[in-house]
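Just one chain is shown here, as C-alpha cells, and it is the form predicted alone.
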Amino acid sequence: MIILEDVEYSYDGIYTALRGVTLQVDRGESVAIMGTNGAGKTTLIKHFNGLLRPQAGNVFLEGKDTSQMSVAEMAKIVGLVFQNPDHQLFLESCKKEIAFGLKNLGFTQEEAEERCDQTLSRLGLEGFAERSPFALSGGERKRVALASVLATEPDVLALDEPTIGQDARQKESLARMLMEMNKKGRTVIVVTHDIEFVIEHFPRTIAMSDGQIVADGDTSSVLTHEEVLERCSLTLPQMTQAAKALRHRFDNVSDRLASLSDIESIATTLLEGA
C-alpha cells in the first residue's frame, strides 16, 4: 500500500510540482496517472521509491513512514522504470543490465541468468542479450530498462510513459505482461499520455494538473468527463468521440462510452434492432 498525505514538493524553491497531494494506492491495484506535461506526474511517482522526499507532508509504504526507510529498502518494494531509458542504463550489455539489480538483491549467478533469459524472452529481446543497449533504438532501450526492473519482480511496478516508442504489437505485449503481474497480486502504476492504452487496460485513473489531483476514480468516468479532460489538456478517447457521433442518430447511445467493448456492445444492440 502507498499512502501520501498532503505532500508538497518544489524544485529549487521556485517551481512547485506537487501541491498538497493526498492519495492512496492499495496493494494489487492497477492505476494510470494522466495529465499534461508539468502536471507533477513524474515527481509524484518518484516519491513512491524514495528518489524524491516530500518537503511537506508524509509518504507511507507498506505502513512505514518513508522518512525512516532507505532508498535501497524502498527499491526492493517499488520498481521504477524511467521515461528516458538513458537515465537508467549504464552497462555494456543488455544481459548485464538485467543481472545488475538481481545480484544486488542477493540472487545467485545461476538464478540471475535464468531470470535474465526469461525476461528477455517475455519482452521479445532474446537476440539482444550480448548487445550494448546504447546501440539499440529508443524503443528497444526502453524495453531493456523495463526488463531490468521486471526481472526483480517488485511488489509495486511504476512506469513512466512506457508506450512511447512502442508499436501496437509491442504495446499489446506490454499490456499483457502488466496485467499478468497484476493478476499475481502486484501493484501496477503507469504515467502515460496514451489515453487508449489506459482505457483498455487500467480500471482506475488519476488525473493531474498543476501539481494537484483533479480527478481520481473509475477510468471510464474520469476520461469521459470533459471538464476534467480540458483542465488536464487531455483529449476525449476515440471511442467516446464515436459514441457522441452515434448519439446524433440514436438516442439510446450513451455519450460516455469509452472502450472498444462498449462500442461493440452498442453496435450489436443497434444492429439487432435494425
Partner chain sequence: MSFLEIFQYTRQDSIIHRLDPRSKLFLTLVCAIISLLFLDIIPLLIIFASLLPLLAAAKSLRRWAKSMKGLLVLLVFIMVFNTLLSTGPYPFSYSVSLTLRLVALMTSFSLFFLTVHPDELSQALIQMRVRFEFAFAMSMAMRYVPTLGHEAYAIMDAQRSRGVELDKGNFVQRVRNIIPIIVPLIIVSIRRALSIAESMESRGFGASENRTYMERLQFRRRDWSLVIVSLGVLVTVLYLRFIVGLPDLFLWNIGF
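Numbering follows the first chain given and starts at 1. Note that the structure is predicted; figures quoted are calculated from it, not measured.
There is another form of this protein, the form predicted together with the partner chain, and it is not shown here; the text below is about that form.
Counting any heavy atom within 4.5 Å as contact, can you tell me which stretch out of 56-64, 211-219, 43-51, 24-32 lines the partner chain in the predicted bound form?
Stretch with heavy atoms near the partner: 43-51.
Heavy atoms within 4.5 Å of the partner chain in the predicted bound form: does Glu73 have any?
Glu73: contacts the partner chain in the predicted bound form.
Does the partner chain get within 4.5 angstroms of any non-hydrogen atom of His87 in the predicted bound form?
His87 belongs to the contact set for the partner chain.
Hey, in the predicted bound form, does Gln118 get a heavy atom within 4.5 angstroms of the partner chain?
Gln118 lies outside the contact set for the partner chain.
Whether Phe100 contacts the partner chain in the predicted bound form should be assessed with a 4.5 Å heavy atom distance threshold; does it?
Residue-level check for Phe100: yes, a contact with the partner chain.
Thinking of Tyr15, Phe82 and Ser148 as the candidate spot, does the partner chain come within 4.5 Å of a heavy atom on all of them in the predicted bound form?
Checking in the predicted bound form: Tyr15, Phe82 and Ser148 are all within 4.5 Å of the partner chain.
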